[in-house]
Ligand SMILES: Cc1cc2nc3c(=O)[nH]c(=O)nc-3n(C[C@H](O)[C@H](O)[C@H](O)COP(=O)(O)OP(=O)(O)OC[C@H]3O[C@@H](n4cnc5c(N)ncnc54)[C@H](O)[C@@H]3O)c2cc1C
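Only one chain is shown below, in C-alpha cells, and it's the form predicted alone.
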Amino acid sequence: MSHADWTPAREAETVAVARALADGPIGARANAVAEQDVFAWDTFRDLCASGIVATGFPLAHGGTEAPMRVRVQLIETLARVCSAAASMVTGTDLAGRPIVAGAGPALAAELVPKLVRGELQSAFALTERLAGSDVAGLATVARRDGDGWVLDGVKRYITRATVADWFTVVARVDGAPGARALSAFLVPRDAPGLTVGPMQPKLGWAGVPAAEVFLRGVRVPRERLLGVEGGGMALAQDTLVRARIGHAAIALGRAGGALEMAAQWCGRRRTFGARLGEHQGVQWMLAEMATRLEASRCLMRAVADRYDRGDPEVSVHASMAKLHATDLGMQVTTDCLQLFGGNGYLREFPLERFMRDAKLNQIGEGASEIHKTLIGRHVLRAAAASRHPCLDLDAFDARMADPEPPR
C-alpha cells in the first residue's frame, strides 16, 4: 500500500478510533492497569480488534501499513491516558519490525499475520546487563554449529518477555568485535535452553512487564537468521529510529494529558478566594507548558514526515525529537503535579502515575545523554563540511601564527 492511500479523511478516521478507545475502555481501566505490572491483555485486545496494531504491519501480511505521520498521532492519543496502551503500539515497531524486515518469505508468512491479529507476541532482545546503548559491548555469543548457531548470553529489560512467543535476539557471531559482527536470530519461547526470568519490578509504566531472558546453549537453525549474517545492527537501525520517534509521541501524549487534567483542576480548585486558574502565575505556567508542547509536537511531526519520505538524516532528527519531547514530558508532568498540590502526590489522583511513567521515556531507546552526544557529533560534522561566509578561520589562524604584531 502506498502512503498516498492514507488520505486526510482516513487519517482522521483512524485517529478518531484511537481517541474513542482512550476516552472509553482504555482510559477507564488505565488506573487499574497501573496497579499491577502484568500484561494488560484487555487493552491489547482492544488495540488489535480496532485495527490499531495492524497499522504497524505491511499490507502483504494483513496490516494496513500506516505512515509514521499517522502512527505518531495514534501513539500520542493513547498516551494521553495510558502508557501501556501507547507502548503496545510502539512495541509493534520494536518487536515486530525486525521480523517483517528480516524473516524469509516462508517464516514471515507463518508468523507476521498472527502478530497482526495479536495471536502471537514477539519481543526484541537487544539490551544486556552491561550493554545498552553501547551495542559494541554486547556479550551474547552465537557460535556456529553445523548449518546453524548456538546462542549463549543474558538479555535484560526485555519488554513483553513475560508473554512473548518469539524473541529477536541480537548476538555476536563467534565473539568477533564491533557492531558489524552482530547478527539477529529469531528464537521461539519453547526453544531448549531459553528461560525467561521473573518480571523485573519497576518504578512505573505498569501493564507492559519487562524481564531478563537467559540463553544457555540455544540452537538456532539457519532459516531463523534474520537478514544476513553480520547484519544485526543494520536490521535494528530502522527499528530503533521508529521506536525513538514513538517515545517522543508517548512523552508528548502523556504530557498533554497531564496538562489537560491540570487545567481542569485549576478551573475548579479555589485558593485565597479565587479559582486557582484565575491567578496570573498559574496562567503563565499553563501557557508556557502548552506552547512548549506544541513546539515539540511540531518537531516530532516533522521527523515523522522525514521518515515517511526516506530522509537519510532521519536518525539524528529522531534523536532530537526524542531528546526534546521526553525531557519536556518529564518537566511538564512534574509541574502539573505541582499544581495539584498535596493531592497530586496521592495515588487517588493520576498525576503521580504520569510523573513516574515519564521517567522511562528519558531512558528507554537511548538515554537523553546518549542522544545529546549523537546530536552534538552531527552538528560538528555538518559544520566541518561547510564554511560560514561571515567567519574566516583560515585568516584568523594565519594572524595568530604571525610573530610580528600588526603595525
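Residue numbers run from 1 along the displayed sequence. A quick note: this is a predicted structure, and the numbers were derived from the prediction, not measured.
There is another form of the same protein, the form predicted in complex with the ligand; it is not shown, and what comes next is about it.
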- With heavy atoms only and a cut-off of 4.5 Å, decide whether Thr159 touches the ligand in the model of the complex. yes
- Heavy atom of Gly366 within 4.5 Å of the ligand in the model of the complex: yes
- May I ask you to check whether Lys202 falls inside a 4.5 Å heavy atom distance of the ligand in the model of the complex? yes
- Residue contact check: Ala171 to the ligand in the model of the complex, 4.5 Å heavy atom: no
- Message: Going by heavy atom distances of 4.5 angstroms or less, which of Gln283, Thr334, Ser315, Ser133 would be at the interface with the ligand in the model of the complex?
- Response: Ser133
- Note on the structure: None of Ser296, Gln73, Thr127, Ser319 but one has a heavy atom within 4.5 Å of the ligand in the model of the complex; the exception is Thr127
- Counting only non-hydrogen atoms, the one stretch of 22-30, 63-71, 368-376, 45-53 within 4.5 angstroms of the ligand in the model of the complex is 368-376
- in the model of the complex: members of 11-39 within 4.5 Å of the ligand, any heavy atom: none
